[in-house]
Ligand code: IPE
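Here you get one chain, nothing else, as structure tokens; it is the form predicted alone.
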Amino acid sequence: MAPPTDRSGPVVLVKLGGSIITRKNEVEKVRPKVLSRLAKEVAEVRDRRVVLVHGAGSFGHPGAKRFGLAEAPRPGSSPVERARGAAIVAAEVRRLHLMVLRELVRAGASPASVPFATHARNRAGELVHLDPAPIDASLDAGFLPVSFGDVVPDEAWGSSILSADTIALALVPALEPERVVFVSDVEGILEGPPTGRRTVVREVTPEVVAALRSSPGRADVTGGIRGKATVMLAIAAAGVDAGLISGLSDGAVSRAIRGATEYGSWARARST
């Protein structure tokens, strides 16, 4: 039996991107072997308290785009139509969430599901309230809290998307994590010509973010790589290191949780 997690250890916030745990170009397709390995890497860390959030990938983005949940209601659309779309996307995302929970249990972790649909709200697509209390309570009880990008109530639009990246950023002030690790299917933020050799940007700066473009050909309603890098800069401004790494290399995630920063792209903490 694995030793218990150190309940006094520092908190590390990990976000598993939809691009690494699902096949984003195929509808509702998970990467079972990758998800299983990543769950094991998270579960094996015992000297940190991990808080995990995951993206929706091919289980949420296509539906969110189809029903326009990341934008204002379309002219002539009814609240009933939007509510129907929100219900469909929420159900799809929860199918993926259950798979993540099951893999964590199989890996020996004790995950606690924390859906923010009942603890957060947006206004015109922007987060205006998120209650971190369920995360704190789960950590105090010895669980590994797990949340996910979801559809949440919206004061102006009825319902809208709350991305996992936004959740991660919103949790930083309450959790004061040691670091935030974003896990993707790429080695980091890449620079260079789209058709030529590209290199990993080691330090994320405002200039790097300004030069980024969203990835074409993917149904991403949460801002793509530029949106993620912007969130990383905001986390760094709050005094916490934020890194983007690949989850395709064995052991990379567990090493990053423990403090390795020699690979991937990192926004370094700035004093607040």
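Quick caveat: nothing in here was measured; it's all calculated off a predicted structure. Don't overthink the numbering: it's just position in the shown sequence, from 1.
Below, we turn to the form predicted in complex with the named molecule, even though it does not appear here.
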Heavy atom distance at most 4.5 Å to the named molecule in the predicted bound form, all of K15, A64 and G149: yes
Using a 4.5 Å heavy atom cut-off, which residue among I189, V181, I135, V93 comes into contact with the named molecule in the predicted bound form? V93
TL;DR on 53 to 61, 237 to 245, 26 to 34, 39 to 47: the one with heavy atoms within 4.5 Å of the named molecule in the predicted bound form is 53 to 61
Of 101 to 118, which residues get within 4.5 Å of the named molecule in the predicted bound form if you count heavy atoms? none
